[in-house]
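In structure tokens, the next block holds one chain alone, the form predicted on its own.
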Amino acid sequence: MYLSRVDDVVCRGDLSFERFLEIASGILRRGGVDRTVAVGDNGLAVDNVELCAVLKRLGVQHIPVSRGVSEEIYIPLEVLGFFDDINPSRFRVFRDSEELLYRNWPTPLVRLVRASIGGRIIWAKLEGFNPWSMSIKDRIGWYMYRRAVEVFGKSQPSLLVESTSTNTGLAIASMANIHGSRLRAYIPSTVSQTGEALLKIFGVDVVRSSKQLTVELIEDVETVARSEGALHLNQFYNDANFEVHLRYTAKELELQIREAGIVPKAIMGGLGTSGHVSALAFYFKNRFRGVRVYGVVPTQGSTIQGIRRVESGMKWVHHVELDGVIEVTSSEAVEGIIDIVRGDGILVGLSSGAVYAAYKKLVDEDRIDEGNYVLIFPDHGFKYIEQISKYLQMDSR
């Protein structure tokens, strides 16, 4: 048995998403692998091929291999370079604007002193520190585009099409601008004028629909992609959405809570595509005992840009176990923003305000114990000035 560089091992064969989760769950629960990947002389995996594929998707730097036949062995994840993906620039010097994204990770984890309530301590993960859309969607825009390049190579279509409520569109547009592609974004009627203007500033061809939800535009966009030979990354069904959070966001958070010296009682986040909340639930429920995970959605009839109700259609949330789904109104989401900015001085976005409002509901209903809680704040508040201003004007009457 020896450790081989991950790029020197070739894994061939299809692996379903369900099978990927099954194998990855075992690896995370054990904290390592218990068998080698058998390879031939050319580095091609010939036995335990599925393990090889899963390890690559989890982002290890080395794979335990043996010649000809797989062997029983235990190798901890740390030895395989499991956390080496999290490699921030020490002095924050970046070679290009793409490296500015992934070598700027981890995004900050900060204790919110004023927002913490009654012995329950909030640690906010501030995804608004991502540089392009100032949101968590930079992660999926980057990773989906990168995966497409791996698959299509130089034959990748020059035109991309996507249904977006702003942030994913900005992230994909940034990658398109960096790599010489262009994006046409289909946006629902609920997107603010600010969001549409930002997309146009980024060079996006914007098509506004009369439909209210981004997910309602998927079939329309797919039809356009087929008729025009465009690439539809499709944030709602592209497994790169889930995997980027499993490979990066979840690992970051584990390293950060180690640094803080805490194990959170629960993690809370908004459900939009369900990518980041599902990946965090999968990771932390396998790696740690007793960590609960809650999703946050709008109440029936409410609209909160960036999140939506589960019954509107989500892929990954149905593959994981959540400990509850908390409903909040659009007014409560804005009130959450105001509480955060007037308490701890950080302007967060609507879905972040919704996550905080959901946390307050659990506290008010005495449904959570004292301890540490991680709230995922998906974006910055600058894009939502229209909605916040309308609320303040109504509140002052």
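What you see is a predicted model, and the numbers here were worked out from it, not measured in a lab. All residue numbers are counted from 1 along the displayed sequence.
What comes next is about the form predicted together with a small molecule, which is not displayed.
Checking 226-234, 183-191, 274-282, 247-255 against the small molecule in the predicted complex, the stretch whose residues place heavy atoms within 4.5 Å of it is 274-282. Checked against the small molecule in the predicted complex, the candidates Thr107, Ser174, Ser165, Asn238 yield a single residue with a heavy atom inside 4.5 Å, and that residue is Ser165. Taking non-hydrogen atoms only, Tyr373 never approaches the small molecule to within 4.5 angstroms in the predicted complex.
In the predicted complex, Ile307 approaches the small molecule with a heavy atom inside 4.5 Å. Contact check for Gly141: every heavy atom lies farther than 4.5 Å from the small molecule in the predicted complex. Among heavy atoms of Lys125, none comes within 4.5 Å of the small molecule in the predicted complex. By the 4.5 Å heavy atom rule, the three marked residues Arg120, Tyr294 and Gly353 all fail to count as contacting the small molecule in the predicted complex.
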